[in-house]
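Next up: a single chain in structure tokens, the form predicted alone.
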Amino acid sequence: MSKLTFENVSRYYGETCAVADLNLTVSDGEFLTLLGPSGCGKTTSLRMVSGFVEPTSGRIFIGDADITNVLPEKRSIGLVFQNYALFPHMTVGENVTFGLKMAKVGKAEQETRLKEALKLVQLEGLVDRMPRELSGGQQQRVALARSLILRPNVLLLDEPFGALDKQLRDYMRAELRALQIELGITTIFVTHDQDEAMSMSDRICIMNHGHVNQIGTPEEVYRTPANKFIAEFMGQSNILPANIVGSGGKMVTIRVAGATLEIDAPSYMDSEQPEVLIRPERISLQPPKGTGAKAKVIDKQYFGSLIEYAVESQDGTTLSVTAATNNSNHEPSEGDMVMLDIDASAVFVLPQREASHRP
């Protein structure tokens, strides 16, 4: 297995920039996700690695080998598409071994590798089935086995769960992640689904308009987003105006949503009215007693394990609040008055200058 490196890689279509000056290293055995909205450049980046799209400038390496101008079939890369691209007239076994046949691998070696690949994806008994006789999850495993049988140095996954229903998608992403860890294969995963990225990745590379905005662990990009776009894109968020009402040392006192909180003062804060991020799960709703910030519940939605509230504070600020149904001491109803219990450590001051990359 090998690390994968993008070195100053850009891709233009005429005057339109799809990917701009991408510098990124995916470590040996790492599971890295390219995440972002449609048109952000993530699939173009993946296809430049596969060789199906040629960079306008820059170089791509696997290990120390420059593969920028190497033919796709010579790159030792496995690629799994969203639609699986199985041959409908071929059996499972024939689909999985197709690449080996094109590479003129001997029959005995094909059979040995086929057994290994089908065992990895738990499809040993389905070697003679046709694709139409398989479930969506089984077809996804066939596509994965077809890539793994080539023993690639790098595995590329282009939204492979897009055609599955939610329950099967959740199951398959856990299965795939476990298999990737077992094999230790360097993997790039493309998705626009934040939950997939958060649950599967070692690191997430968030892209927007062809630029990398932030690279970090799931916890880093969720808790300390590099800019407002990431704060809004990664899950639910309350992005609120705050006022600094006091300061001392490395701490500042802010007023936000009617609450007064003492928080750490980041070095980049240079405004008396910063925007702050507070995740909905870091606010709790308590009975309206004492002198804390009061609010009114204006909406309540039940989602089984979670309850999502919309509340309006006395200063007119609307906030989202999420509570676990089995972990709530106070479960107000729509129209009730509540007190906002905001954890000061949950308040993150957003950087005011847009960052193009945070390593």
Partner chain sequence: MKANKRSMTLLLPALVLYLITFTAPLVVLLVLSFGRFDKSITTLGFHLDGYIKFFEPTYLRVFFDTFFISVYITFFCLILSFPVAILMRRVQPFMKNIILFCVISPLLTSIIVRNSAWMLVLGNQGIINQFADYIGLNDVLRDMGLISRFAGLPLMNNVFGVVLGTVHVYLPFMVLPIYASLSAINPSIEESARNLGASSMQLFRNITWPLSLPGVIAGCTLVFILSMGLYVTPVIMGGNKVVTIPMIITGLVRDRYNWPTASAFSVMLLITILFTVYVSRLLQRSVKV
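Residue numbers count along the first chain shown, from 1. Superpose the two forms; the largest set of C-alphas matching within 1.5 Å is the rigid core. Note that the structure is predicted; figures quoted are calculated from it, not measured.
Separately, the form predicted in complex with its partner chain exists; it is not shown, and the next lines address it.
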Exercise. So, in the model of the complex, is Lys300 in contact with its partner chain at a 4.5 angstroms heavy atom limit?
Worked result: no
- Is Tyr171 close to its partner chain in the model of the complex, meaning a heavy atom pair under 4.5 Å apart or at it? no
Spell out, yes or no, whether the shortest heavy atom distance between Phe87 and its partner chain in the model of the complex is within 4.5 Å.
yes
- Hey, in the model of the complex, does Leu79 get a heavy atom within 4.5 angstroms of its partner chain? yes
inquiry  = So, a 4.5 angstroms cut-off on heavy atom distances: do all three of Arg151, Ala163 and Thr187 pass it with respect to its partner chain in the model of the complex?
reply    = no
With the partner omitted here, the residue among Glu124, Glu73, Glu175, Asp195 that in the model of the complex has a heavy atom within 4.5 Å of its partner chain is Glu73
None of Ser284, Gln138, Ser147, Thr224 but one has a heavy atom within 4.5 Å of its partner chain in the model of the complex; the exception is Ser147
Exactly one listed stretch (215-223, 202-210, 79-87, 246-254) reaches within 4.5 angstroms of its partner chain in the model of the complex by non-hydrogen atoms, and it is 79-87
Restricting to 104-130, the residues within 4.5 Å of its partner chain in the model of the complex through any heavy atom are Lys104, Met130
Subject >> Exceeds or equals 2 Å, Cα of Phe87 between the shown form and the other one, core fit >> reply: yes
